[in-house]
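A single chain comes next, written as structure tokens; it is the form predicted alone.
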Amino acid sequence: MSRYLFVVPPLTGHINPAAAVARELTARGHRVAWAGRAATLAGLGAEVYDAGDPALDAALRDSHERRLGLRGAGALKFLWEEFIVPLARTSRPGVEAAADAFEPDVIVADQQALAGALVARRRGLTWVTSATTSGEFTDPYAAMPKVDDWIRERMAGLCRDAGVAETTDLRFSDDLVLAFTSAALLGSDREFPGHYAFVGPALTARPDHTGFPWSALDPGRRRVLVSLGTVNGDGGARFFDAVVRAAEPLDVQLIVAAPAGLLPDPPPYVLTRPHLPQLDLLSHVDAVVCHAGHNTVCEALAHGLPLVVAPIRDDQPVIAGQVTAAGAGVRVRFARCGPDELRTALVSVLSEPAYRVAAGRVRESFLAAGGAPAAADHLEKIS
């Protein structure tokens, strides 16, 4: 039996796929531990080594409002200079301590938790990339070489500090890259190296601590789940209001994940909660409106659901493009779309069969990819 150390950022969408793979490995008799922010990982019920940093947490809280307003190059600069690089620097001592105590055979590092790759390189350990987004698989900076150079210099700085070869691309392991998507959604003609494993979404049952009122689901209406993810909801007041007004004449029920107070007096056809049991709910809805976060998009498509996608920043425009190219959804403008545009998009995905058929094709590709068991198979082969 082998020992796997998962290194993750404090982001639910990045932890959930890794957790499904970790559960599969544990069920097969392997030993699994985690390194990351302990408070975020506590609910996993697993062996956790704290690699969090309260000062970084405070800085991210202070900059939250500013981040919500960033787009394009500003958002990319923030992502690397105020999140990915500081997270790598502040978490590396905790990951080193975890490696000392746990003595892993393999480190499985999220693409945004670069400390995992650095520690593995320093120690000569097998290193696996957990790619919870396919945003960088289609070479998005090919037309912007200065941006690509700037990112590589950020990584080179981390490598210099850690005593690792500066040419190391910390985002992609040379041993194994687990991509939680499929070629059908990626839609790229690029030929990937043999150590790239496209396993589709890794989904397993999650404990539900939300207290969601299942009896409030309206059996007489079609239902639409609306979510902007765990870090964008506060900035979604205008968008949520537009979705609610768009749905008013459509005889649908909206189930909205929105921070408390953002929809203070929702109409009867809107059910809103700060947190939703999203994976369980997807079996009870007919479509999804979201920010094109990779996790939500893949979970929706794994249920064969068409989407309305409103990308905000980071990799979301790329993922939204994958959804529309696959024919599985309609893209709208997050910052500018009004009720009319959203209503048109909702009517399209709810009434035009082509969107559901295309979502079903992606679903079939996910099933064929194998999910968490396939990811565990690949991990066993290299350990």
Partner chain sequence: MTAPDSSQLLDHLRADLAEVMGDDVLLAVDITPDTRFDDDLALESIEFVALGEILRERYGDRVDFPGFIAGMELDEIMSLTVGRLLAYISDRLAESATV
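Every value quoted in this text rests on a predicted model; they were computed, and no experiment measured them. Numbering follows the first chain given and starts at 1.
One more form of this protein should be noted, the form predicted in complex with the partner chain, which is absent from this view; the next part is about it.
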> Any of the heavy atoms of P311 lying within 4.5 Å of the partner chain in the predicted complex?
Replying inline: yes
> Taking heavy atoms only, is F192 within 4.5 angstroms of the partner chain in the predicted complex?
Replying inline: no
> So in the predicted complex, does R123 come within 4.5 Å of the partner chain, heavy atom to heavy atom?
Replying inline: no
> Hey, in the predicted complex, is A335 touching the partner chain, heavy atoms inside 4.5 Å?
Replying inline: yes
> Pick from R343, R67, R331, R356: which has a non-hydrogen atom within 4.5 Å of the partner chain in the predicted complex?
Replying inline: R331
> From the list P219, P274, P267, P145, which entry has a heavy atom within 4.5 Å of the partner chain in the predicted complex?
Replying inline: P145
> Just one stretch in 174 to 182, 210 to 218, 71 to 79, 129 to 137 has heavy atoms within 4.5 Å of the partner chain in the predicted complex, so which one is it?
Replying inline: 71 to 79
